[in-house]
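As a starting point, one isolated chain is supplied in structure tokens, in the form predicted on its own.
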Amino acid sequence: MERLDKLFSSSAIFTRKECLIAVKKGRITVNGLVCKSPSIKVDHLKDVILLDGKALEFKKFVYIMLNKPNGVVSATEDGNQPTVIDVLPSDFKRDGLFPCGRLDKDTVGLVIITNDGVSAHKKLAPKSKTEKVYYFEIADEILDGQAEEIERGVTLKDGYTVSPCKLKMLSKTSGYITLTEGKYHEIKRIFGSLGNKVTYLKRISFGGIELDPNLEEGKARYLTKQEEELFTK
């Protein structure tokens, strides 16, 4: 059971405010009765919920694009710091949401938030080789031969050799890097192994899903149908 307005918002049918307006206009019925309050508890699997006399399709799974701001941790809960779930606008919140993968606290950009554990697991599994694209800025100019070294796969200070990466330099100190694995602090460690330091990092793509350029930091939107298909395939 969940609130009617929350069910509508989590299924991307109405925002909670729009649901309230629809209720006031008598557009929503539950089990044949005109709904009087958007806060009533309903079970969409058992109750007959109609909008303007038509049945609705309530989604079992939701897929949300968040432009993660700095200082927010990629977790469902944290006792000391705000999480990606905390910063989600209220209309998007529902039980069972979690971030698909993690961004460091000081890394900004694209995070997919969902309650679809199967698809998330498939995307994060090493064998899937899901491409993740980041824009980066580094403290010192990249030296001759270092870009090629990164693309081949550098050996980190702990002896681990990362998978080959794609690198596109925009200047001597900025560019795009594409990874197919997700080791802890991987990009920072890649440049650290070359004696350099990442000063800014933003994820702009995950599995072919591009960060919406119109989405401000801290804002969210549901994935489009095409983006959902990319995520769940």
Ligand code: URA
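Residue positions are given as counts along the sequence shown, with the first one as 1. On a predicted model such as this, the values are computed, not experimentally measured, just so you know.
Although not depicted, the form predicted in complex with the named molecule is the subject of the following passage.
- The partner is absent here; in the predicted bound form, the one residue of Lys59, Arg27, His44, Lys188 having a heavy atom within 4.5 Å of the named molecule is Lys188.
- Within 4.5 Å of any heavy atom of the named molecule in the predicted bound form lies no heavy atom of Met65.
- Residue contact with the named molecule in the predicted bound form: Phe136 places no heavy atom within 4.5 Å of it.
- Contact check for Val111: every heavy atom lies farther than 4.5 Å from the named molecule in the predicted bound form.
- Proximity of Asp104 to the named molecule in the predicted bound form: non-hydrogen atoms within 4.5 Å are present.
- Just one listed stretch, out of 166 to 174, 48 to 56, 32 to 40, 180 to 188, contacts the named molecule in the predicted bound form at the 4.5 Å heavy atom level, and that stretch is 180 to 188.
- The single residue of 199 to 227 lying near the named molecule in the predicted bound form is Leu201, the criterion being any heavy atom within 4.5 Å.
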